[in-house]
Structures are given as C-alpha cells and as structure tokens.
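The chain below stands alone and is given in structure tokens; this is the form predicted alone.
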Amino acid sequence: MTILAFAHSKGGVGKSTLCLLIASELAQSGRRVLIIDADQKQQSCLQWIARCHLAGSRPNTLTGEIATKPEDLKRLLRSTDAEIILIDVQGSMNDLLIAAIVASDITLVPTKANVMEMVETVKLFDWAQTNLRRAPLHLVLNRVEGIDTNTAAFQDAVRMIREHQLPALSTFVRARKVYEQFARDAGSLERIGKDPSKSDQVTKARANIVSLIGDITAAISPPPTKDQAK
C-alpha cells in the first residue's frame, strides 16, 4: 500500500485537482485507488466522485471516503484494501494535516511559481521539519503557464527553492484547459481524449501527469543496494 498526501497551509493552490488527476490516471491503469477527502470545508474530491458517478464516468477502481478527524483517517488506512491511497487535506494547519503527512509515504505540496506562494511554502516546510517526527514533503510547481518559465517571478521562485534546499519534483504541472474540463465530471483525461478535437491536448496533459507519477515513484523508492548498483 502506498500513501500520497496533498497538503498546504493555504487554499487555492490546486491540490484537489492535482490529487484527482493522479488518482484517475492510476485508476485507469487498473490500480485500486482510494481518495480520502480530509478537507472538511470543501470536500472537492468527494463532490467530484459523486458528479462522475452520476455521469457514468467514474473509473471502476476509484473510490472515495471522508475523514473529519485523525481517528477517521487512521481507521480508513487500516481497513482499506486499496493499493494506493491519496489524502486531500484542507488548506490550513490542523491535526488532520499533521496526521496525513506523518502517515504518508510522500506528501506533495503544490505551489505556484511566484514569491508570495513560495514564502508560505517555505514556512510549511520549515514547520514540518521542526515539529514532525517525519516530514516526507516534496514541492510540486503547479499551474505553470507556458510563458511562466521565462519570467523573473518564476526564476525568483526557483531561486527560493534552491536557497532553502526544498525537495522538489522535477516535473511541474502545466496550466491546461483540459484539466479544468476534467475537474467537472469527466472521470478521466482518457475519456476527454475520445473527442478528436481534444486528442492532442489530452495526450500532452496525460504525459504531464504520467511524468509526475514517475517522479513520485522514484522519490519513494528505496535507494539501490550496493549489489543492485553493480
């Protein structure tokens, strides 16, 4: 069982959509996936699952549950037969955020590439390192526009990542219209791609998410032993 958490100290960073994109792509590959919605205010993931169920688009191997307190989270983690669990946490510092981080194999921290967002992100990493017995946080640059990488704001954000030595995944997630369509009730990017006018966009979008999943897998894989390295 692999546990991924999606967390930030503030809302509006795109963590729920990113959680759903990864969960959907994993479920489309046949993995048994459980999303635990621990965002007590928004419950965006559960609402998406409900919309997809009504639309007949929910991947068969993807299910959802809600956790309103750490005890709920622990119970769900003990009782599930899912291969991969994704935990979406409310954008604030609370007990559920702590429980999700500690339970996870990796906690993804989606962040936009600007100084204002990065300041808050640095605070979260510093807090986790100081206060938690384990803090497997990895930053993901999210909603990156095509022009962003050439801007001073983007370069300033990258500089902050390096200065504070934040562990960051190498793949960043582009801002894409098909991600917005997916977030309504599409169920999967593959389903959107059946529309010939969207096929090329979806191919690029799925490649983006698959690349990120590859980064996640590499980040949580144990380092090779001396014999394996030979």
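Position 1 is the first residue in the sequence shown; the rest follow in order. Because the structure is a prediction, the values reported are computed rather than measured.
Just so you know, the form predicted together with a small molecule exists too; it's not on screen, but the next bit is about it.
Enquirer: Each of G91, A175 and E180 within 4.5 Å of the small molecule in the model of the complex, by any heavy atom, yes or no?
Expert: Result yes, every residue of the spot touches the small molecule.
Enquirer: Does the small molecule get within 4.5 angstroms of any non-hydrogen atom of G12 in the model of the complex?
Expert: G12: yes, in contact with the small molecule in the model of the complex.
Enquirer: Please determine whether S29 contacts the small molecule in the model of the complex, using a 4.5 Å cut-off between heavy atoms.
Expert: Contact with the small molecule, no.
Enquirer: Wondering, does Q42 line up within 4.5 Å of the small molecule in the model of the complex on heavy atoms?
Expert: Contact with the small molecule, yes.
Enquirer: Do S24 and the small molecule share at least one heavy atom pair within 4.5 Å in the model of the complex?
Expert: Because no heavy atom of S24 falls inside 4.5 Å of the small molecule in the model of the complex, the answer is no.
Enquirer: Look at the stretches 75 to 83, 101 to 109, 123 to 131, 140 to 148 and give the one with heavy atoms within 4.5 Å of the small molecule in the model of the complex.
Expert: Stretch 140 to 148 is the one.
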